[in-house]
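Just one chain is shown here, as structure tokens, and it is the form predicted alone.
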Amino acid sequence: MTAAPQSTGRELTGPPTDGISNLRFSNHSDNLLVSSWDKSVRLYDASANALRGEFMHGGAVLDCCFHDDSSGFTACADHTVRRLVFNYGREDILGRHDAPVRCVEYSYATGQVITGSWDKTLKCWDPRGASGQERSLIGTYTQPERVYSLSLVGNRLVVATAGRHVNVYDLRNMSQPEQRRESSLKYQTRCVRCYPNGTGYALSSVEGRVAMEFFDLSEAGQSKNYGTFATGGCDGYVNVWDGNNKKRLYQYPKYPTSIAALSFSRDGRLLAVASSYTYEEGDKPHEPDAIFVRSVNEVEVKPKPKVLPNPGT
């Protein structure tokens, strides 16, 4: 008797028609926001497998994030930062950079939108202000290189740039970085994500390695959750890791092509996977871009207890 093949999850209908740059679950529901190189941003109800709305931009959309359950912000290659309100089909331009905008985050702690660009700047915006860049721009902060990734936890902001630079800010005082660091990894940074418990961040690079960093070394080992995270690679595999013990916990079945983005739902019950070729081997025939949503079992993400040696043996 052969075992049934493991599932990659449920495939969402109506996916983007070009590379998927990012996807994110809402903090309030199973709504999923997806940005793409096809110039679109789509809002899905992941549980119902339904497309709830779509906006087209003037260029490739490189990142997106939620504001509330039915609105969000986008970072676009046409240099604009946009606000989208899906309930009313309304959009407006919050502001602009001098080069493509690579990443965007919304701070629930301060009510600000933070964007990072290839123009080597970080900008903070007040979306509550009247429309117009002069009224909504709070500040511009020069970075050592092009911004590749941002991540927020509470009032802490981590900025990863080209040249393996990492700056850590306190959003309550953006006049200068709280810490200036260099990536401990040898190659270019691809992504940075803060730990949910606020003690540090995970940093990944293009050669497929992940570094676990702490803001304060005395906080290491004080994790109050499982301390696990998921990574996706150009090989089409998604792995779940025990960050504290540096061990792989689980590997999901192979997806059709590269893993471009991942997102856990607010309660960790669902994992959204963007299976989308990332051109690591240049232009070649590849599988269609797709979004899979799979249920997460506790056995896949819960660290295994350490087996202590028996002193009697």
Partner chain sequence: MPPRKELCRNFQRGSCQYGDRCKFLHVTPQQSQPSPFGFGTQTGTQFQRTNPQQQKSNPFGFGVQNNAQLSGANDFGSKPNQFKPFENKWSRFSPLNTSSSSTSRQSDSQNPAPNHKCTDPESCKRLMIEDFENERPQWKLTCYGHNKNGPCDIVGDISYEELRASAYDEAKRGLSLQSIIDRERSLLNSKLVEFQSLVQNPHVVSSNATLSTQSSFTGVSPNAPMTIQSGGPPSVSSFGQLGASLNTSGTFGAASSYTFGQSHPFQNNSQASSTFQRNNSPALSSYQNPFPTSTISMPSAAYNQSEVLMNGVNSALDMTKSIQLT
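Treat the numbers as computed from the prediction; the structure is a model and nothing was measured. Residue numbers count along the first chain shown, from 1.
Here the subject shifts to the form predicted together with its partner chain, a form of this protein not shown in this document.
Partner proximity in the predicted bound form, defined as non-hydrogen atoms within 4.5 angstroms of its partner chain, places exactly one of 103-111, 158-166, 67-75, 81-89 at the interface: 158-166. Among residues of the shown chain, His28 is not one whose heavy atoms approach its partner chain to within 4.5 Å in the predicted bound form.
A residue is said to contact a partner when one of its heavy atoms sits within 4.5 Å of a partner heavy atom; Glu145 meets this definition for its partner chain in the predicted bound form. Shown alone here, Asn239 lies within 4.5 Å of its partner chain in the predicted bound form, counting heavy atoms only. Under a 4.5 angstroms non-hydrogen atom cutoff, its partner chain in the predicted bound form lacks Arg52 among its neighbouring residues.
In summary, among the residues Leu185, Leu137, Ile93, Leu171, the only one with a non-hydrogen atom within 4.5 Å of its partner chain in the predicted bound form is Leu185. Applying a 4.5 Å heavy atom cutoff to its partner chain in the predicted bound form picks out Gln179, Arg180, Arg181, Glu182, Ser183, Ser184, Leu185, Lys186, Tyr187, Gln188, Arg190, Cys191, Arg193, Cys194, Tyr195, Pro196 from 169-199, in order along the sequence.
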